[in-house]
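Next up: just one chain, as C-alpha cells, the form predicted alone.
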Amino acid sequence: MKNAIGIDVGGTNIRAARVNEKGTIELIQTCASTDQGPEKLVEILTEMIDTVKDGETIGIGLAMPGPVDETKGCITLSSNLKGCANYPFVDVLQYKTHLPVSLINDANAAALAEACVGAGNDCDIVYYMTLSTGIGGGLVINRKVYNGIHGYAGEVGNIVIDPAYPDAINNLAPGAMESHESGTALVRRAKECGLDVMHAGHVFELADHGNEKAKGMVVEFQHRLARLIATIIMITDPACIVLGGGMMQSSSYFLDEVRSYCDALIQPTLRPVDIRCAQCEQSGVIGAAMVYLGELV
C-alpha cells in the first residue's frame, strides 16, 4: 500500500508520520523543535524522514506555521520558527531525501485532514477553523487546499472585528479576531479584568459559575465567532464548517449559541449552518500526507 510522510513543525514539537492510503498513521516520531535556525531544522527533519519512510513512500508533506509561497517552497513569515522565513525547505529536503516534497500551512494541513478523513469527509467544500493559541483556517475544495495568490487564503485570524482597538499584536492588524478572541487573547483580557485564569477554559468555567466579567467575555466571544463564521459562509458557501483546536475542549459552553447566532446572520436558504467538531487527533501530520494521498483515500 502506498504511503506518504506527513510532518507537522511547531514551535515546541515536531511530528513526522508515515500515513497510508486509508489515512491511518502507521508509524510516528516526535521530537523537540529547534530555535537554531533552518539548517538545524532540516537536519532534524531529514533524520525523522529516514526513520519513518519505507519503500512505498511516494512523497513528503511538510506543514509549517505561516503563509506559504508554493512557487519558492518556503514560508514567507516566521513568528514561531527563528530565521525560517524565505528558506527553501522544499528544494533542500528534495535534494536530501530524493523524494517529492510539498509545503503546506499548518492550519491548511488540518483542514485537509478533516476534509479527507475527518469530520468533513462527506463534503466537497469544507472550511476548517482552528481555535487555539491563535485563530487560523483553510478552505478545501474537492480535497485540494485553496491557497490564494500569496498563500493567505483562509487566514481569518487577521479579520478586524474591533476597529476601535488601537494596537497591533504579533503581526496582526489592530483589532484582529486573533488579537481578541484566541485562547491567548481570552487569557490576556481576563487577567486585565482581574480574573485569575491559566487558560481559556477557565474563562468559560468561571462564566458557567456566574462570574459576571467572564460571562460578558463569553457572550462577546460567541457573537464575534458567529459573525466571523457567517462572513466565511457568505463568501465561500461551504458544505460544512469544521472547528478544531484546543478551545474546542470547551465547546459545550459556546457552540450551540454560536450556531444560533450564526443562523440569524446568514440568508435563510443557507440555514441551518452545519458546524461540526473536528475528529482527527493528529490532523497536522495526516493533512500534510494528504497532499499526496487525498485523491487515493
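Note that the coordinates shown come from a computational prediction; the quantities given were computed from them, not determined experimentally. Numbers follow the displayed sequence, beginning with 1.
Omitted from view is the form predicted in complex with a further copy of the same chain, to which the following refers.
Hey, in the model of the complex, does residue 251 get a heavy atom within 4.5 angstroms of a further copy of the same chain?
-> Close contact is absent here: in the model of the complex, residue 251 is far from a further copy of the same chain, nothing within 4.5 Å, heavy atoms only.
Taking heavy atoms only, is residue 260 within 4.5 angstroms of a further copy of the same chain in the model of the complex?
-> No, residue 260 sits far enough from a further copy of the same chain in the model of the complex that none of its heavy atoms falls within 4.5 Å.
Answer for residue 87 alone: is it within 4.5 Å of a further copy of the same chain in the model of the complex, judged on heavy atom distances?
-> Contact with a further copy of the same chain, no.
Is there any non-hydrogen atom of residue 174 lying within 4.5 Å of a further copy of the same chain in the model of the complex?
-> Residue 174: yes, in contact with a further copy of the same chain in the model of the complex.
Heavy atom within 4.5 Å of a further copy of the same chain in the model of the complex - residue from 30, 51, 267, 36 | Flagged contact: 267.
Which residue among 91, 208, 124, 212 has a heavy atom within 4.5 angstroms of a further copy of the same chain in the model of the complex?
-> Checking each option against a further copy of the same chain in the model of the complex, the one that comes within 4.5 Å is 124.
Given that the partner is absent here, state which listed stretch (78-86, 92-100, 186-194, 135-143) has heavy atoms within 4.5 Å of a further copy of the same chain in the model of the complex.
-> Only one stretch qualifies here: 135-143.
Residue by residue through 142-156, tell me which have a non-hydrogen atom within 4.5 angstroms of a further copy of the same chain in the model of the complex.
-> 146, 147, 148, 149, 150, 151, 152, 153, 154, 155, 156, in sequence order.
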